[in-house]
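Here we start with a single chain on its own, the form predicted alone, put down as structure tokens.
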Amino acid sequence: MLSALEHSIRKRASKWLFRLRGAETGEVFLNQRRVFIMPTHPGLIFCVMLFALFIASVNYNLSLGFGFTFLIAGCALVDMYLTFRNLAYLHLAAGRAKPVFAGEHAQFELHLINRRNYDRYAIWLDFAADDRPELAQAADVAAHASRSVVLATPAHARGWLPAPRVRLQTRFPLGLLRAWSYWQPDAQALVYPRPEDDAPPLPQAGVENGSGPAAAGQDDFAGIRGYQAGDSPRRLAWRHIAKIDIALGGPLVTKHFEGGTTTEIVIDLSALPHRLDLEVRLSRMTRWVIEAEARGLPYAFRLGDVNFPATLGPAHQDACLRALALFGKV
């Protein structure tokens, strides 16, 4: 009971103090109210030494001691101003985030825009939720310039992954004080299902196709194409390979056949065993989509209300993976 009350109070206090809201759209401006500043551990030790020096100067009535004390106190005040200024009045904007597979790290691009007449140094950024200092990225931003920083966070589950809250901090120039601020960028990355390891072979159904070309026929030699992962070694065009020097970067080539009896690849969720968990089935379909693309085999795709005819290419692959990532998601 007391723990829940403490958590609620702390959550409300953090929301009020750090202005925690939803995602901030568009360009964000770090005004004075959004920047906090506190002494670091060396800064606290510095304050203790400064106080001891002041007491010693009073006890022994040392003019030189007073002068030295006020001099270094003035340096500390200047350091406070520079540390705060190094972070305040900075403009922030969210960039792109490429799709990733579950289990990988999503990469979020963030832009720091400096519209002031002075340079900014050693601004460290990380995701506050990760709390892993080794993943923080440092950036210097010149006057009237911008700088891009990429932060990574683990993508555990398929679907849309919103960017976590970003923490910006700096200890420039002397390290006696730490200024920090928070930012919730309006960015999200699409997370595809994790491809299944050791998945079964591609689902192929025999189709009689005596008229017109087919994509993955076995009978008529149609030409030479570049080697693709999964091609059988028996189909390598050794006569052509013998004329090029692989050691000098010459590409491997494969014989391409068309016509005759072909196989049609249909990646269909309803055709998979229902006893399998839904995530396992989606993971298997993801592996098949990747494999079919790698082997250059056109494939049809069926997932719930989504029904794509057999084709091939990056656009078809992206559409299939996107449907897999968002299947059943609100």
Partner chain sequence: MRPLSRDKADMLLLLFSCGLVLLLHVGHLPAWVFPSCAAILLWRGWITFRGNRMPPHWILLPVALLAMGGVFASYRTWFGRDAGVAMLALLLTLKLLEMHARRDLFVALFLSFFLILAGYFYSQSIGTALLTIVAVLAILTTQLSFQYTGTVPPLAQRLRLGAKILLLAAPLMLALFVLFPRIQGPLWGMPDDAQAGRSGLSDTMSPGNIARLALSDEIAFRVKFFDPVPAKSQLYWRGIVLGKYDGRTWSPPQAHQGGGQIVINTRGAPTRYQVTLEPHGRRWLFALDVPRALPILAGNPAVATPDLQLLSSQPISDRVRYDATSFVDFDLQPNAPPSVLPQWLELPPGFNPRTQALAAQLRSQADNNEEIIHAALRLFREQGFRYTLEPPPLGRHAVDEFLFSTRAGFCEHYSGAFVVLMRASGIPARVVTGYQGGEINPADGFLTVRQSDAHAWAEVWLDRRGWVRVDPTAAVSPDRVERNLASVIPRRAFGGLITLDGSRSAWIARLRQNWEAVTNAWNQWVLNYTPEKQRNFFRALGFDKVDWRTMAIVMLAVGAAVMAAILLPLLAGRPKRDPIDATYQSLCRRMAKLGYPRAPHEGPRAYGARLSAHDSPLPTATKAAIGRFLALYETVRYGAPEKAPLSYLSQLKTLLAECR
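Numbering follows the first chain given and starts at 1. Source: prediction; values computed, not measured.
Not pictured, yet referred to below: the form predicted in complex with its partner chain.
Contact annotation for P133: none of its heavy atoms lies within 4.5 Å of its partner chain in the predicted complex. Taking the partner from the other structure, its partner chain in the predicted complex has a heavy atom within 4.5 Å of a heavy atom of G67.
With a 4.5 Å cutoff on heavy atoms, W180 does not count as touching its partner chain in the predicted complex; it lies far away. Although the partner is absent here, W288 sits far enough away that none of its heavy atoms falls within 4.5 Å of its partner chain in the predicted complex. Screening A271, I45, M38, L276 for any heavy atom within 4.5 Å of its partner chain in the predicted complex leaves a single hit, I45. Note on the partner interface in the predicted complex: the residue among W160, W124, F101, F127 having a heavy atom within 4.5 angstroms of its partner chain is W124. Proximity to its partner chain in the predicted complex, taken as heavy atoms within 4.5 Å, picks out 138-146 from the listed stretches 138-146, 186-194, 101-109, 152-160. Residues A294, A300 and A319 are none of them found to lie within 4.5 Å of its partner chain in the predicted complex, as judged by heavy atom distances. Along 165-201, a non-hydrogen atom within 4.5 Å of its partner chain in the predicted complex is carried by R171, F172, P173, L174, G175, L176, in order along the sequence.
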